[in-house]
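Encoded as structure tokens, the following chain is the form predicted on its own, with no partner shown.
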Amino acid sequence: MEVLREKVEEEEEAEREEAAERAEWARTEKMMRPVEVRKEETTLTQEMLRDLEKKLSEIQIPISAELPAFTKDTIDISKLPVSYKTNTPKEEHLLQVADNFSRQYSHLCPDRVPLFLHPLNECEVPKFVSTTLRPTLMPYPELYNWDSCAQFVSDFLTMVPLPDPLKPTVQKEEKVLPKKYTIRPPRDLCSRFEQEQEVKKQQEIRAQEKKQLREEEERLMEAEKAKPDALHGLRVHSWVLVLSGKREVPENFFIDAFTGHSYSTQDERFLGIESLWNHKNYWINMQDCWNCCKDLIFDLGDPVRWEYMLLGTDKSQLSLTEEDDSGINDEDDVENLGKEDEDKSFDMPHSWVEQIEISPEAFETRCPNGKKVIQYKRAKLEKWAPYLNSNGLVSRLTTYEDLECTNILEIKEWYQNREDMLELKHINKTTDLKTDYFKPGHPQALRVHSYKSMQPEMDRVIEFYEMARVDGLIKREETARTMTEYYQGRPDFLSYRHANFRPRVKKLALSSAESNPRPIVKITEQFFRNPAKPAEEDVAERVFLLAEERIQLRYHCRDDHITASKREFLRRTEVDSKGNKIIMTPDMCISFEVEPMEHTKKLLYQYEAMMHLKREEKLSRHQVWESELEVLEILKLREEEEAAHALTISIYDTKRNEKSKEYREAMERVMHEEHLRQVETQLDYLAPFLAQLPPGEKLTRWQAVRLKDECLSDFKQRLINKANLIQARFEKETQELQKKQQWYQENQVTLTPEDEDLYLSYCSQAMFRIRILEQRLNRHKELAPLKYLALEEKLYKDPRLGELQKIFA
């Protein structure tokens, strides 16, 4: 280390001496050369370089007040129309008016921010903001209402923060000019050992930072909550104002174009308004926004509150009360005001932008390329166009636990056009709980399905649309040992059924639940109040204890009582071990009655009640078994639906609906054939032969016979020619097939698999053509005599050949 240090000191001393010599030589050169040359050839030492760097860092470059511009890398300006690249004389006049208006505004209101009047467009041409708007009526009913239109615009837009959040401008990128003279960097004299020690120290620091990551995140969250926003109220934002009055709008409200949400003008998030504009005029807010936008009056015709730029015929009228309106009665003043307006009025030029054209594909795609990703704090929202994903996924919201968005908490997925009516899927990554939400129309009337696994006899909750089910089932909850069902609107007033199971003695596959159902231990059923029965005879709850062979009943409580009647039956077999019939005894029924009655104490009544309960117990066990089978069927159906994830396609969607397309093509083919058939029937078969005779001359008997014979002979020859043509094509196809088969027999050994596939494909197509030609030939032979007889009959009945009818009369 001693030697290294001495060597470094020697090198530094030599470098200082060399720098001193250069500085002395530079001073002598300054006296001999011009100032400009001396500045270019000045050589800086290391100390001078540090001083220069320090001075340059202290200089603050002011932001130039240039007009906003767009970058050209994303827009091909060569394809834009002329209106984008130049200004008309009227637009130039408007820009001069805007500049004059801006100067007056800056002089009268020096404390307010400059107006946003004429930014540069894509071609770097200044355009007034009102001329960038062009009202267009689109052929889509979804865009006629503000909510669906705002949602469409928000899906298409992508938010990009401004470089300067305080000014609505996009600065041009300054080109870095190449430097003619460069400074040689100083020599690196750092020690490698010190660098290695520094690397080790950095690794230790990173390890400590990883251990304290959670604590730092918590502190960061607290700091974010407590830290005030230094730019609160200074950021620039634009949104849409909808005024009340037209199209049944009851009150004014705002629309945020990036989210598509509406907000009241009393919302505290909107701190103030600088200016408004539409396609007709430009207004400046002259009201104080100390209370946000709550106290603003949006009467654009009031020049005291809203200063307008253009004095034209399209400016808004001032809303006056009856008292103010009664004060304006002087007709001369009105005429003078009208003359002043005519002198100073200036109409807004037509918009320079092209008319908005949205194709059906672009309207359906909405987001750019059909997909849009929006990143939020601890959340990410993804959107897709309908039918872009094969499973119908249109939106996904992912919520994260940390700020880096690495640990997922939950996922929500929205679907459209699903045949299984799946609308929403909610996945909780913490509990691994999945919840599916369905629209009405599912084959099993599903509404909600919550589960952790698709295996049967696991924890799940299934909710149904009760109006679509006959049994009135609303919800079914299932675990490994229980099943609970809730009902509504049943004729037997059943509202609740709970079944307890015990493990199977022999473990079988889960798919064998149909053949080996779970043993039932207990069934509990509850009922709504039946107003047709007295409360002491209307059962509120009954419990079938199958393992203990007992049945418990609890009746509804009367309004004037504080307790309800109860009854318990000991269910025994009907015969004993010897085959003797068991007789009903008093100890087989234990009851508590609030108001005892004589007929309930009789053994016959108790025996009939117990026999009825036995039948009900058997029916309840069967219904529980059917419920298990229904769960298996639902799970099997859901697995098939998730594997297929088929989508529904409207019959009016001619692009995707293959069945509708095939049906439409078949109908067009039938209509075309029908048209050809009508054209054939409308042909005049005697026209070529009648053209040989003088026009207007009446046919003689001999001429009529000759025309008939010539027409039939010509038609017969046409039939023969058609048959010969079909026969010739048939023979040609047969010969080509034979030649191909002979070629295959000769070269069968040397053929490759591709050649064999081509040969088989050719043979298949050739056999198909031969079969079709054979069918056409046979059909022609069958129909030719019939067509000949039909033509002969038409000739006999033709009024132009009336002489033939006289011959055969």
Partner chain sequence: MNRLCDSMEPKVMDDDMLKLAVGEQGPQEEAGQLAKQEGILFKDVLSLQLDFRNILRIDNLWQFENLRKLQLDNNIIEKIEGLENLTHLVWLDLSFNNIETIEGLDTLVNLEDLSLFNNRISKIDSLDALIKLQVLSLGNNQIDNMMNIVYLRRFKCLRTLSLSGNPISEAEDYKMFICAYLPDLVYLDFRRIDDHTKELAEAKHQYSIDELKHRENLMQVRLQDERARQEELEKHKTAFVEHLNGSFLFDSMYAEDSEGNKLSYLPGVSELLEAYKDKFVIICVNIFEYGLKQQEKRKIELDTFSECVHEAIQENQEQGKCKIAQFEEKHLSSLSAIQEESELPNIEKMILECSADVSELFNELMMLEMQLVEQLEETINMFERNIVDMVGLFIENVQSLMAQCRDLENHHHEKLLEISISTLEKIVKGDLDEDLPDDLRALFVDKDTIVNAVGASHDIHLLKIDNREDELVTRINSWCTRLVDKIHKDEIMRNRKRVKEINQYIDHMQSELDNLEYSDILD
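None of these values were measured; they are calculated from a predicted model. Residue numbers count along the first chain shown, from 1.
The same protein also has a form predicted in complex with its partner chain, omitted here; what follows describes it.
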Q: Only one of K412, R305, K280, K566 comes within 4.5 Å of its partner chain in the predicted bound form by heavy atoms, so just point that one out.
A: K566
Q) Considering its partner chain in the predicted bound form, which of A687, M286, M671, L603 comes within 4.5 Å of it through any heavy atom? A) L603
Q. Quick one: is H350 in contact with its partner chain in the predicted bound form, heavy atoms, 4.5 Å cut-off?
A. no
Q. So in the predicted bound form, does any heavy atom of C557 sit within 4.5 Å of its partner chain?
A. yes
Q) Any of the heavy atoms of T482 lying within 4.5 Å of its partner chain in the predicted bound form? A) no
(Q) Is V242 part of the interface with its partner chain in the predicted bound form - any heavy atom within 4.5 Å? (A) no
Q: Using a 4.5 Å heavy atom cut-off, indicate which stretch of 714-722, 149-157, 636-644, 593-601 touches its partner chain in the predicted bound form.
A: 593-601
Q. Even though the chain is shown alone, can you say which residues of 367-389 have a heavy atom within 4.5 Å of its partner chain in the predicted bound form?
A. none
